[in-house]
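Below you'll find only one chain, the form predicted alone, shown as structure tokens.
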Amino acid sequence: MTKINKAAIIGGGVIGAGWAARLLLNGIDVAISDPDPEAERKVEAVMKNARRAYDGMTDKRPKEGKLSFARSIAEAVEKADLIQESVPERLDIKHKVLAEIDKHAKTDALVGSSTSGIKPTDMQTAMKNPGRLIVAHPFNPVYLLPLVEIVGGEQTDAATIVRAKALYASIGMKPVVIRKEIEAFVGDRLLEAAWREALWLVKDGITTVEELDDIMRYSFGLRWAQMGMFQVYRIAGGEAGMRHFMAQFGPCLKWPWTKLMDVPEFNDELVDLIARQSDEQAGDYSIRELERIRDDNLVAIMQALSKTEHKHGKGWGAGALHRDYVEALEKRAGKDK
């Protein structure tokens, strides 16, 4: 089955609500299970921004799926084809939730975990049917950023990986299968490296959080948005390409520049410093306003990339996928009439 008729979201926080938004805006019914009494309000706030972002992508969208809030995990997963677990990053909580999902889900339901670092093998021990569990790690906002890291555990069936790729691709995502199971996978390991160095640079008074963000967004952030790291460095090598770049800059890796192997003490002083500078940077923008600015920027960047002309076709990087996704949404919208 490569079509999702109903999905269940277990955990309606930032990531769970983002999953719900992407699924609902693809015309898929979603049931959410979350014990938070504020869950409905929080999810609706995310949905409001997601609808706004999609209106900026296209004026043609399929009929929105039906959203419901279940009283239990058992009720939420009933008849669901895709079940996305998005509860807090504690293995004991995930074990309890996954066991409950496994007990009540239909036999052919795919179970994806949104964990940002726990290995699927460690989660599968709580399940009687571990072959259907995969990690499906997204990036925020889930309703716009298309990447999802697919990670199988020791007991994951090969067919589950194949099916997962098809299901997530059907809602406009870019599934990338991580070849070896490893904590934190790939994306978060790269982010962690930059985050550690950034904390030291701010702690040591070399820069502020706003200045550091400016350094990223006015330079290599723009390059990474459309080519990533290795292709950018290939170009930096000139006509000789990557070999020349490696020969020229490889020795720098031995220089004592970085503090990546050390972690600054996460004490109240550091937290206060970062939080104060972050508050100053945000000014009078609320979190919801910053989310809308972020979403507008992401849509504009992906739409610009979708119009890039090159010899192998139209669209580059995330822009090519974005173009196909918008076309798919508009096609579904036509069928709903």
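Note that residue numbering follows the sequence shown and begins at 1. None of the values given here were measured: they were computed from a predicted structure.
Separately, the form predicted in complex with a small molecule exists; it is not shown, and the next lines address it.
- In the predicted complex, the small molecule lies within 4.5 Å of some heavy atom of Ile93.
- Among residues of the shown chain, Pro120 is not one whose heavy atoms approach the small molecule to within 4.5 Å in the predicted complex.
- Within this chain, Pro138 lines the site of the small molecule in the predicted complex, having a heavy atom no more than 4.5 Å away.
- With a 4.5 Å cutoff on heavy atoms, Ala20 does not count as touching the small molecule in the predicted complex; it lies far away.
- Only one of 20 to 28, 310 to 318, 5 to 13, 323 to 331 places residue heavy atoms within 4.5 angstroms of the small molecule in the predicted complex, namely 5 to 13.
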